[in-house]
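One chain follows as structure tokens, the form predicted alone.
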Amino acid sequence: MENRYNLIDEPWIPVADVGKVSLSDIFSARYRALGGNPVEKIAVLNLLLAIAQAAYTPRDNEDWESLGEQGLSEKCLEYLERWRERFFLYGDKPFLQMPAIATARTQPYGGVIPFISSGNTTVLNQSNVEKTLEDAEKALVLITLMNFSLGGKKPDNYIVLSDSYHGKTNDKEKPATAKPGPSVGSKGLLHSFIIGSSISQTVWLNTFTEVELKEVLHQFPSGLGTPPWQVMPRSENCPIAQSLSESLCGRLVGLSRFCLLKDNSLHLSEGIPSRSYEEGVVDPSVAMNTEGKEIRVVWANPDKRPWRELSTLLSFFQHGGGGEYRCLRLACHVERTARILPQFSILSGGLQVSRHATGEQYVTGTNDYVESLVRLDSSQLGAIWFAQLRLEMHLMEKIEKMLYSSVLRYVYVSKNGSKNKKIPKIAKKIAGGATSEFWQLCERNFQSLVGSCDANEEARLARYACRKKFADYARSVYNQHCPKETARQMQSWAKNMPKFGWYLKQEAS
């Protein structure tokens, strides 16, 4: 079979403001940021990080700093050239594919891409219609599918490559529902990365050292491991597959699906199982809390945009060390980055999904991608800055609750005007819509709030200005959802209007 479409040379990676570029382009030039939806960005960034870790893993922070962005890029280019034969999308050893599953039934590409209507799903707009994919788009689907595949019956689990493996069958010895990819989980995990001024710098900033791998990444007993394109497994539980499931490289580019690309479809079966967050294992980019009775993680949530999770993701800054949630990638690398860069950003994103009791996952009308980018000033970071940020977020949540209660009481009286104690559903819906609108308005000023959590007078004045805006937003939303045109409305409006004097008074002097 002819080897063709090499991912090192062909343009297939979406880049903001540029279009598509190749793997060698990524490490040869300074492109600003990855393009595509949040899941595509995370999947491609994980691939780039796996390449970088395999190309050169620094011994410690000193080695990492002396290596630099340019040094790591040169190592990556050398590595790609050395393994050039393993990056062909088609050929005798197709990239991340398993020719052994050629007998598995095929799925159209639209069947594995979220938001594409397949089967009897209703088409709402043109973006839901499946189209013929070019090779560049097929490569992106393949990379995304490795970690972000949705659980369900679409993979053909009649095909089992190892006779001794029973992970693809249920209690009745029938093909089981395929489990979700490790980066999705049951509801859609939220991932966070440090973002630099270019893609190559972002890769450098997120690279783990050997010291970190030994001391911090205890979730991966096999350590760094070997990327799957260097040595592909023969089956679902062969020694290579087991090593991949316990290594960092195997987590960054997991083979949760065994695939083989065709012209307009792909052979698809469940691949190597990965340990889940319930077992205490997550991607390094996911925040996890292991301190309670049950392990908890931060999920992607369209009703709570990722920027609102910033104080949770950075809780390692609080006094006494350690926080409730710990994102390994941020906990290891934020302070290291702050020592060498005056400014950097944190990208958080993911895809929320719904799950049926059978294990089938899908995206509904209320599910969506989420993404936030927050810029941090290195000179401000520390326990004092974090304590102020956490306080500000706590107070904003208090305003949200006051706004919700005020709108709820107003609608309750306006709609009922009686002593009926049961609050109508419409009141809760309107109050929920009001708070959602409040947070949408606050998002435009959140970056200013992050920059004004210092302890000096200038920061206090800037913070006061932010608080005035947030209070004005809450009043504006209240007025919009609680009209005062009739006598009853006027009375209820005045009686339930939220008061934020306490909020402004704290920073007024």
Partner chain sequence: MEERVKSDFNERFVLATIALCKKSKAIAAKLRRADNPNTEYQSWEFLGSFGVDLDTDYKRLPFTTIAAAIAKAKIEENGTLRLGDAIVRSYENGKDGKNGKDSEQAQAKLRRLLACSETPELCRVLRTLLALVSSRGFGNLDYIRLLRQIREFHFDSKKIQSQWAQEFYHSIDNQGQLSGETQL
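Numbering follows the first chain given and starts at 1. None of the values given here were measured: they were computed from a predicted structure.
Form predicted together with its partner chain: not shown, discussed below.
The partner is absent here, but in the model of the complex a heavy atom of S476, alone among N445, S28, S476, N61, sits within 4.5 Å of its partner chain. Among residues of the shown chain, M497 is one whose heavy atoms approach its partner chain to within 4.5 Å in the model of the complex.
Contact check for D17: no non-hydrogen atom falls within 4.5 Å of its partner chain in the model of the complex.
Its partner chain in the model of the complex comes within 4.5 Å of no heavy atom belonging to R460. Mapping the unseen interface onto this chain, R32 falls outside it, with no heavy atom inside 4.5 Å of its partner chain in the model of the complex.
Residues within 4.5 angstroms of its partner chain in the model of the complex, judged by any non-hydrogen atom, belong to 478-486 and to none of the other stretches in 49-57, 478-486, 33-41, 448-456. Using a 4.5 Å cut-off on any heavy atom, the one residue of 448-469 that reaches its partner chain in the model of the complex is Y464.
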